[in-house]
Every structure is written in C-alpha cells, then in structure tokens.
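What follows is one chain in structure tokens, specifically the form predicted alone.
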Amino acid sequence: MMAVVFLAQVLSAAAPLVLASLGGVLSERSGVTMLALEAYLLLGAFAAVVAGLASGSIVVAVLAAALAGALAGALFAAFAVWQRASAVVVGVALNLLAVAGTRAALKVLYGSSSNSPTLPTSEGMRGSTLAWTALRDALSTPTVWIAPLLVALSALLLSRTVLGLRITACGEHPTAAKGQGVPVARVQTTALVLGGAIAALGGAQLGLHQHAFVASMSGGRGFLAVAAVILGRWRPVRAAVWAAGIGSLSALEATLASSGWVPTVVLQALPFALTLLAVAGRSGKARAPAALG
C-alpha cells in the first residue's frame, strides 16, 4: 500500500511542476526570459479556490485559473514586450506582487491573510483504504489528466503549427523573423499569454488538491519549474520529464517525512539541492534560444 500512496503523491506533486514548466518553455522559446512561474502558480491556485468556493464547480475553478494566468501573462507582456522593460525585473516584480496581492485578497474576501475556507470534498468510498483513497483523490483532480495532454499539444504546437514555428523564429532570430513579416511582439505576447494560462493550471492543481488556498503555497515550485525548462533544453516533453522527476523528489520527501528517519529541514531542501546539482552539471550542454533575454 505504500507504493500506492507514493504513486498518489507523485501524481499530485508532479502535475504543478509539469504544467509550470510547459508555460516556461512556451514563453522562453519566444525569446522572453520567464521568472514569473511562481506568480502564475500562486495566482492560478488563488483563482481556482475562489472560483470553486463561489461556484461549487471544479470545471469553473480550472477555467478561472487559466484565465488568471492568461491575464498575468498579458500583464507580463505589456511591460516586458511592449514597454521593453527587463523581463527579469518584471518577473521578480510579478512574483512579489502575487505574494502580496493574494494575501491582501484573502484578507478582504475571507478575513484571513493566511488561508481560505476549505473547499467541499466528497466522502471516501466505503470500505476503501487510506492508500486507495489517496490515489482516487489524486486522480479526481482534472489537472492531473490535463497535464500529459498539454505536454503532447505543446510539442505539436511548437513543431507542427505556423504559430509554433513563429514562436521559435522569434526566440532564435527575431530580426530575421521581422524581416519576413512576422509580428514579433504579437507572437511573443501570444506565447506569454498561452504560457501563463498553462502554468496557472499548475496552481489550480495545488489549490484543488489541498482543497484550500494557503498564502505562498507555491513554495518555490516556480523556480524548480524554471530549472526543469533548462534541464529539458527548452523542449516540452523533455522539460515535462524533468519536472515529473523533480516532483517525484517532492513525493519522496513527503514519504520519508512520515517515517521520521530524516530531519524535516533536510527533506525540504532535498528537491532544491538535487535540482541545483543537476542544473550545474548540465548547464554547459543546454542550448538556450539564441535571442533569449
């Protein structure tokens, strides 16, 4: 039964990272440095929980998360693309804004700056064990099923469609692309909006799985997703595989924490430390889009 619990934890931990990494790939393949994945996760989680509490519909919650991410991507594009501000500075500012903004909104909506009310949950199946209940709960969140579908669609988008080829051209040779009549700013804006919507679905996974929004619940996952983008060499499938691997480390952390064998502080640092080592070891082999940044 431990294997079933671990599988449930892997699915729940990997989905946010996979979706956030896809958002990062789409944004950076267009030539825009993306450090705002943490903000997308937070905003997606907040929008999903608020919409879920208001409507009682998980579909509405997921759509609200995607809309919040798309709007955040449009805001990012307004400054980083159209106003030519530093994408790094815009990304950091958006992360800070998301942390402070969601806390303020929590206080206004629910009278608490730390967490929202709990989303209603369905009762466990009669006679089911805790392990199978955990797996059922993990699979009941639509974003777990959406993640692999979006991995395939993102790969097809970038390799088989006109929009995808234009995104790649803007990230590799924007001047040449502009000379061929490609509206570079519009293409980058489209990539940022689409990437923001997909990354925010990862936030929806966080909020719906925990059945509530907790302040700063992204917990640095956005930066782990950035690492997955680099490790995956800016390719959707590779980035998703790395993101799933990092998510497995997070699930291992939860499993070991319940055993009490390893100090909690060490376990919390484990995914970040191993990801840092992986990035350091493979950074020389990774080729970023030529016009990135």
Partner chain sequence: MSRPRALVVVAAAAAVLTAMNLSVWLAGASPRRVLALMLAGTLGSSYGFAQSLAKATPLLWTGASVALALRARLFNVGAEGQCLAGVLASAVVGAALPASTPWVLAIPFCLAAAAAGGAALGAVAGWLRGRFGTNEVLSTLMLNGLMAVVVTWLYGGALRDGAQVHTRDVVAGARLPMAGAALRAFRGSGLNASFALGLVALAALAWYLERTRGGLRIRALGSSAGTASALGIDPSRTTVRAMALSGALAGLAASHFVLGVKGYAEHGLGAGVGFTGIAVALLGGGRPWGIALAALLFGVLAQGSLAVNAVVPSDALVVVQAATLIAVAAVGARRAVTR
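Positions refer to the first chain, counted from 1. Worth saying up front: this structure is predicted, and the values here are computed from it rather than measured.
Keep in mind the form predicted in complex with the partner chain is missing from the figure; the text below concerns it.
None of 221-229, 66-74, 237-245, 45-53 except one has non-hydrogen atoms within 4.5 angstroms of the partner chain in the predicted complex; the exception is 221-229. Contact check for residue 100: a non-hydrogen atom falls within 4.5 Å of the partner chain in the predicted complex. The partner chain is not drawn, but in the predicted complex it has no heavy atom within 4.5 Å of residue 152.
Taking non-hydrogen atoms only, residue 118 never approaches the partner chain to within 4.5 angstroms in the predicted complex.
Using a 4.5 Å cutoff between non-hydrogen atoms, residue 160 does not count as a contact of the partner chain in the predicted complex.
Just one of 88, 185, 139, 212 comes within 4.5 Å of the partner chain in the predicted complex, counting any heavy atom, and that one is 88. Within 4.5 angstroms of the partner chain in the predicted complex, the stretch 33-52 places a non-hydrogen atom from 35 alone.
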